[in-house]
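Have a look below at one chain only, the form predicted on its own, in structure tokens format.
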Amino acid sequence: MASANANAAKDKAMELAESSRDSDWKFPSFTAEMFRGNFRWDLLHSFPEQSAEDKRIGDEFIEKLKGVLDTHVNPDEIDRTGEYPQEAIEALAAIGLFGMTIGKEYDGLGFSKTNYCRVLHFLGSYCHNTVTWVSAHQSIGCPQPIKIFGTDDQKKRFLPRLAKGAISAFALTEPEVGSDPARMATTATPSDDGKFYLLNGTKLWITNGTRSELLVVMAKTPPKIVNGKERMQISAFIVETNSPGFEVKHRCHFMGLKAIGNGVLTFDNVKVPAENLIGKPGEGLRIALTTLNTGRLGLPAAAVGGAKAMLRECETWIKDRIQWGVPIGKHQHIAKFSANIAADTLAMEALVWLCSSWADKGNADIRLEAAAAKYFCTEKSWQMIDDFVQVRGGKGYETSASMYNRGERPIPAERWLRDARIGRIFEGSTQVMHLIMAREAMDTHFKLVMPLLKPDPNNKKSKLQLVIEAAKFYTRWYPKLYLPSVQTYNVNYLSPANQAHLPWIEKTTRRAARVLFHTMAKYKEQLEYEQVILGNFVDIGVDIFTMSALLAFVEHKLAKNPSDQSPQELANLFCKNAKARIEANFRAVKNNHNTEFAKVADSLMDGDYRWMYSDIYNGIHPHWKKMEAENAYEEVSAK
């Protein structure tokens, strides 16, 4: 019974998400095609290059930004105090940093996506607290949804303010609601005359929220009836934080990013003018998903900048640090760590510049590619910084202030580690990226097969019609996955190494499509609940996409400087590592122990393992004692 109720809750959440996702593909998507077994090398090669004029604009701004950072932003001091200086925000606003993505007609800089990512890449090499203030404001804050979905009046009223430095935030998460909007509790009740909405609720972990002038707030509006059933409606509103009834209840503090203005925001009958509704009632989740899709490239760009800063320090350390008579870079364990840091950094860079160029040109659908870049870059960033701390040993664990105070060059490895950890959670966690990409990987099969496996009473097509449609597609599509490739890679423009890598990638693309189809046939409609198996396919797809982007990037570099083979060296190493991961994921699809995961997790929830921790400290935490004394502990526990 519990399992049935859980699945019903999942179905409700999936129905809401499905009704809000963009199901159309207006432009080609490399990754969507890949999951269908089509290797679209033509979408990657030749690797797009930023125009000289656009690059000049970016170069000049970055030089100006460097001057402000040198004068107003001290990353170690900001980390120590946990406060981001107001004068730094004002100085950054004065050069237009908070208006990079806003058009010139609204007093913004009107930067290309490539230049925006270049700026975050530069900031990521210096101060991730600054990255967060800028990215939360522009990548997911008010500018993006207003630009895409706002009315002309909303754009005129709000975009100039935002461009000049009025800080904004995006308010979706709630204390009991993370990535499941079906459980959203915040409400927006329309007035009888339709002139305003009354907003009530609480939002949690709202980055920039403690110092924002403007918010985009997601809230439930009255439901509507769809096909005879009530469907929850989520709408998006622009909220002024000087409105009566709005309050910052608490500023949150974290293991890293000590100076971000993240907090708990409450709304008590906040009156929001009807003209501040973004889009139409019920479009809020679609607005949120679109905003996150287009804004996700900022974090990967910053991660690349951070990886490069670390790579620079790694070069010096493994060369100058002598152990057992030789530089530590000569020892195989250290060589492995360091080489993978270098190779992964170049792969991350290839993804960011490829996706940002596609976003500028508007000739590709990058919702999957942006998710892949966010997932890959934040995961690799965390892994490589953890490895760098290991390579540094005790000096990796020691704070830079401590090193400075004892007269040693301060390398903030432990700060980098703390700051990088949130990347795997921010703007859609790694697991959410898995779910997003898994859903799109199954899109073709869901459209053809799911109507047969889970009949929809509102579908006007007969079962026979559905069977015929599916049979027509699969009798043409499936045999093609076994046919030899019609593409040739033995051409002059490709390096010899890539003439070997690319056929393997194409062959593996077809294999992945076949195995995905076979797995769907095995699990049928239950496959959508097999998240770990679907995650294996996502990881295969992300590695294929990253390998392909990297090889196109390397070809671009070799064409400009044939004598420098270092990019190819890095690509060869990355591809060998990626091939090993891909083969491991194929094995995991067929030979897994997901049933054991579920069984043990259920037992843990049932309390069957309490014997394991019966002999540890069982007192009451000092904070809990205080909460008990204030009669708050029971209430918090119940929540």
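Bear in mind that the values here come from a model prediction, so they are computed numbers and not experimental data. Start at 1 and count along the sequence shown; that's the residue number.
Omitted here: the form predicted in complex with a small molecule. The next part is about that form.
Peer 1: At 4.5 Å between heavy atoms, is F446 in contact with the small molecule in the predicted bound form?
Peer 2: F446 lies outside the contact set for the small molecule.
Peer 1: Indicate whether Y126 is a 4.5 Å heavy atom neighbour of the small molecule in the predicted bound form.
Peer 2: Contact check for Y126: no, nothing within 4.5 Å of the small molecule in the predicted bound form.
Peer 1: For I425, is any heavy atom within 4.5 Å of the small molecule in the predicted bound form, or not?
Peer 2: Judged by the heavy-atom cut-off of 4.5 Å, I425 is in contact with the small molecule in the predicted bound form.
Peer 1: Is there any non-hydrogen atom of F254 lying within 4.5 Å of the small molecule in the predicted bound form?
Peer 2: Output for F254 is yes: heavy atoms within 4.5 Å of the small molecule.
Peer 1: Spot the stretch among 142 to 150, 505 to 513, 348 to 356, 206 to 214 with residues whose non-hydrogen atoms come within 4.5 Å of the small molecule in the predicted bound form.
Peer 2: Going by heavy atoms within 4.5 Å, the stretch is 206 to 214.
Peer 1: Would you mind picking the one in A420, A188, A259, L172 that has a heavy atom within 4.5 Å of the small molecule in the predicted bound form?
Peer 2: The residue in contact is L172.
Peer 1: Only one of Q154, T202, S400, S429 comes within 4.5 Å of the small molecule in the predicted bound form by heavy atoms, so just point that one out.
Peer 2: Of Q154, T202, S400, S429, the residue with a heavy atom within 4.5 Å of the small molecule in the predicted bound form is S429.
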